[in-house]
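Next up: the same protein chain in two forms, each one alone, written as structure tokens (structure 1, then structure 2).
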Structure 1
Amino acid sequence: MTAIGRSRALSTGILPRVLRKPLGVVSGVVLLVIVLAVIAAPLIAPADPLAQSLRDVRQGPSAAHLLGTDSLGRDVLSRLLYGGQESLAGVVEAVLAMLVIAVPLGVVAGYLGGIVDRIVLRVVDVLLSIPGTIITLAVLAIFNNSMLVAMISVGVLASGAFIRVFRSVVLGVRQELYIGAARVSGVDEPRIVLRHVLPQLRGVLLVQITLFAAATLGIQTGLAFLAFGPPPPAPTWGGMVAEAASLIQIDPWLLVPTGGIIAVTTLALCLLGDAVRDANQERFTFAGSAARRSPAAARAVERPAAPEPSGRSAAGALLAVRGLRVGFGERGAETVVVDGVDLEVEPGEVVGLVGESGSGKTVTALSLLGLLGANGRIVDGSIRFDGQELVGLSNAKLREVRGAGIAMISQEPMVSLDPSFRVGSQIAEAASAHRRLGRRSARERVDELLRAVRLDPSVARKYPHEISGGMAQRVAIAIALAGEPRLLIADEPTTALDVTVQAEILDLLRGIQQRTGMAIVLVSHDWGVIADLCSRAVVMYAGQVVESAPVRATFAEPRHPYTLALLRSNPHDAVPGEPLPTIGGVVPSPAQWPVGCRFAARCAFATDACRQAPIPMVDVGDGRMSRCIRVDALREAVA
């Protein structure tokens, strides 16, 4: 089987993968036969389970009695079939009680975190500290040997351990980029939980159900063995084992069918759980694109430059950010990582956000959508989008902006797509989050969006691991376009792609921007990408904007030493045989920001005055801003 065929085969659901495992098939068939036989006992049982015949006492297997008879001449097979109803019903009751408590609490604790998580964990501690055996026996005594109440109490007491299991799975899932991508697309939290979080519990849930069912069967039959539950002569598996144990010296055969059915059922449940676990893990074994990438046209040598705005006007700006400060940590003691950022984006403008890793570019972009995470917050400042203040908006109000007003694509498209769903399903979800669409309309909208990003509509039927990185980035762009946003934030959209695919993505973004008039904020460290697509560059360093200018002017005459150093370090301008110029040192961490210019320690133009006090942003003419007091010296050096 080829890699493509193998990955497609593994993209199916858990059931087909389990059916490919011999042990899974055998255990499933055995379990299904037992359950169906027990349910159909009134129809297939060869005799009345209570009918006695003193002439047929303790007989072995025969044509009349396939599994023999007990000490009162009752048919063992009939009693096993009817007794299984009580035993399996007890298992189902305990499992349902556990799921009703463990799944909601585990999902809520893992997804919401914070005080909800702490409260749930305290409840779990209480449940785990309760002696289960004593409580179960007490319940039986109080409720007159009611096995129903006893098994429900078993499920309730066991739920604590399973809450922790489900919580740990959800904690990992909520950090996945496709969850953030769903939020960016404007999908509400309940829908994210139902569609993206709960499906990730499927494998773990099935494994835990089978293992807990096996353990519960032992508890239920153990209680019946101790004479709890329905009194004789009503048949129960545990009661029949107790009777067989008392006659083991006289009739050892009786223990074989009575104990054997319990052992076989338990073993089938455990083996089925192993098969389900392996099938769920195999789901991603051959993940990774095996699709062949089609040849792409090389990037054109020259392209018409994007129009440059004549000036900055907050009144007409689509996005206006003022004094933005973002911190992480406990409220009131945050570590500020973005400090006093001012940013404007005009309608239809493409702005590049440039800087080294750790400069605050991505945090600034995420703050625009309120996606900073549980321990991140906007400490100060204003973010106005299309005249609406975003700082302080509730999650419900922000969801109205996400996707429909501001959309975002990340630098890792493959992990921003949910591996559980086909590509078309995820695009349709984003489209349906902003407008009511029927099944046919949603399918047509998906085809339209795929064509808009230059993909064949047949891609809609593929899973994320069946497409290449470039195709995945196009799908991510299609999802971002589903809400027809006015502003697109592209966070390193070409970083993980090869050069040819980078050119295709940039061409695609340019075409979409020119066709729709959408504004773009392009986060990148690649000057080639900035020059290719943007009309203005905003350079960030150590959480601050240090220069803002039209792209052409930035390349021709940088007005901040950091911008000059970045341009000189551009690997695209490397001279063969000569070492590439680099910037000595590293970006200082937020806890070590100096009082004065934050670039002074790495700057060739720095003087003592640069280190004495914070450096403000100043207008250096021609619609350009710079955070430097040595602009004149820099201008002379560049000239």
Structure 2
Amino acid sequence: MTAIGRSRALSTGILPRVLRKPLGVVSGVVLLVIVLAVIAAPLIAPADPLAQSLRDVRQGPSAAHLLGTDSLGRDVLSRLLYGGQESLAGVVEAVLAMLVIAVPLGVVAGYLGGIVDRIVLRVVDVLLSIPGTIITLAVLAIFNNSMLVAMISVGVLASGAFIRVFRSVVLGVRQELYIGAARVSGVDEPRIVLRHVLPQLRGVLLVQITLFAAATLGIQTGLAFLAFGPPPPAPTWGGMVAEAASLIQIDPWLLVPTGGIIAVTTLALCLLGDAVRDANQERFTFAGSAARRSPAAARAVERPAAPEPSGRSAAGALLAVRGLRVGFGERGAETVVVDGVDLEVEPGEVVGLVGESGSGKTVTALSLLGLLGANGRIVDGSIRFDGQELVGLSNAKLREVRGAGIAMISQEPMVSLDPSFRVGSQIAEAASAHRRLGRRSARERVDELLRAVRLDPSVARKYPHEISGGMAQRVAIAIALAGEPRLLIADEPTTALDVTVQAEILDLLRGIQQRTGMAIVLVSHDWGVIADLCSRAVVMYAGQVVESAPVRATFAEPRHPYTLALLRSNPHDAVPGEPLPTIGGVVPSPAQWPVGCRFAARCAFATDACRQAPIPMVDVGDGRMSRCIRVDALREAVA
């Protein structure tokens, strides 16, 4: 069990990642060229920026004057090169002033919290309320047109917003558990800040610097445009735009190089900031996770064979899923995560879809309602609900099925309610999605539904954040019941809840199911929950169904080695103090699915035959199906 191989080593450096992005490289190079050219102006400028030549007034670009000349015949390129010195120096001054104030205050406020944090936040409030322009102009008036002082004051005044940004980053990092672990280990605070907090800040810092530099350049050139800063004839970028503006009727060309250099520099800074931000975001995410599949692996997951007969009659089924394949990613190059799933649900039946993470159980459930999101899609297969084919149905047609035919409740009750609307209005909205309801009858329907989930009707006036997780899940169930669905898909409905609340929700679901005769597909990783509610269990592993059987039989005599091993690793049946039986190895990711049995590598019963070819689902008697060719050996071992 070594680390998931295959991935190229992660480098923590932001720079190498930025350099891997075309836009990052281009904007970085452009910026570098501009900065170097401006610094080296005395060396490379073709002419003296102040040298007038009345014979060459207002010429367009030519070999002698690459960017033309201005109204006094001065070389525009040379003036831009020299003029940039003042502008870029101003940007650096403002950025430094901002950093000197914002970084320490942001870090201190975020890391220490408490009273320090509150004081710093007050200071920030003040800084954000002061009109920066006026102070900057006042500073210019007072300090005799000094651009240096003006730009420093720009940096100081802007620091408020950046203190907030840095503080929130540090605040987030401070709550990370590894900070607590380091503290427990006796690592002292300055070292924690230096080693664990500041590295997390670095990326955000770079992004903010580039964005602020872009904004500052606008202000600096703007001030020069308004004739602050060095007086003529000294060249400045802003001043040159002003000169061009006064000649707009005669020589519009001059606006292009003068505005252009500012725009290009700003653009380069913004794009570099974007590239740094992207690089920073992907830095800590696993480079080659489930995505990206080699062509060989793509072939390996070709559909094994035509869908096998299930051994159960599909004629009377409420829901019949055949050969369902779901992929994520670009069309034609999807990563298939659900691979040929068959599933039947009879009217009023409660089917448990059980498996560990990566088994594809949740994706299967979501695809039933066409709710895979922008990235995922059904690649192949059929979903028939009540005789109607759902795959390929238009969104409008699907909408008629959603809520009224099939409804859903999901894992995290608190985030499955819209925080901005009262509970009652959300239930009413669902209730009136499929039939017109007047105001009064909508309210009556809401009361009725709340009572059905054993909540007081007064809950209708509450907002989601005012109710507990258990109540929120009851509300979610009420919303699901609003359209009187014939099938409810419950995706880990109790995983986020405490056990006592979980028991109540399970009781509620059982009661509703018995009263209404609604069928339920219960997705869960918890065998106890499956045992509590379901009449049949469908076990999934690595994107496939591996076993399907009545729930008692599943627990009493598993017919697939994975089911058996998983059940055994549950501490409930173990002898305290003895090691728990484990499976060993890991669930293969979609890119690593083998040609043969996907569990073979971890299976105690596996033979060469298991690894040769795709294993079909086989009828193993008593209405049971198993994707195993070693059922006989398994049966002997269990007996």
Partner chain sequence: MIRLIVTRLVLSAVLVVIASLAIFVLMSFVPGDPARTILGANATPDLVARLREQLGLDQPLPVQYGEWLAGVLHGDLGQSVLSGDPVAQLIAVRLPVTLSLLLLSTLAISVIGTVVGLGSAVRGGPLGRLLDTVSLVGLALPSYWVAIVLVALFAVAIRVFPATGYQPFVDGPVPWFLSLVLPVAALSLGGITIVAKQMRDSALDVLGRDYIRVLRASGIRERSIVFKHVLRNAALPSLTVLGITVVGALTGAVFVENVFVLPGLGSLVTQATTSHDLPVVLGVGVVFTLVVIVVNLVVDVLYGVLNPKVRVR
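The term rigid core refers to the most C-alpha atoms you can superpose between the two forms while keeping them within 1.5 Å. Treat the numbers as computed from the prediction; the structure is a model and nothing was measured. Residue numbering: sequential along structure 1, first residue numbered 1.
- Here the form predicted alone appears as structure 1, and structure 2 shows the other form of the same chain.
- A movement of the C-alpha atom of Tyr463 falling short of 2 angstroms is seen between the two structures when the two forms are aligned on their rigid core.
- The Cα position of Gly340 differs by less than 2 Å between the two structures after fitting on the rigid core.
- The two forms, fitted on the rigid core, differ between the two structures by 2 Å or more at the CA of Arg58.
- Once the core of the two forms is superposed, the Cα of Thr582 has moved 2.8 Å between the two structures.
- Taking the core as reference, the Cα of Val92 moves 36.7 angstrom between the two structures.
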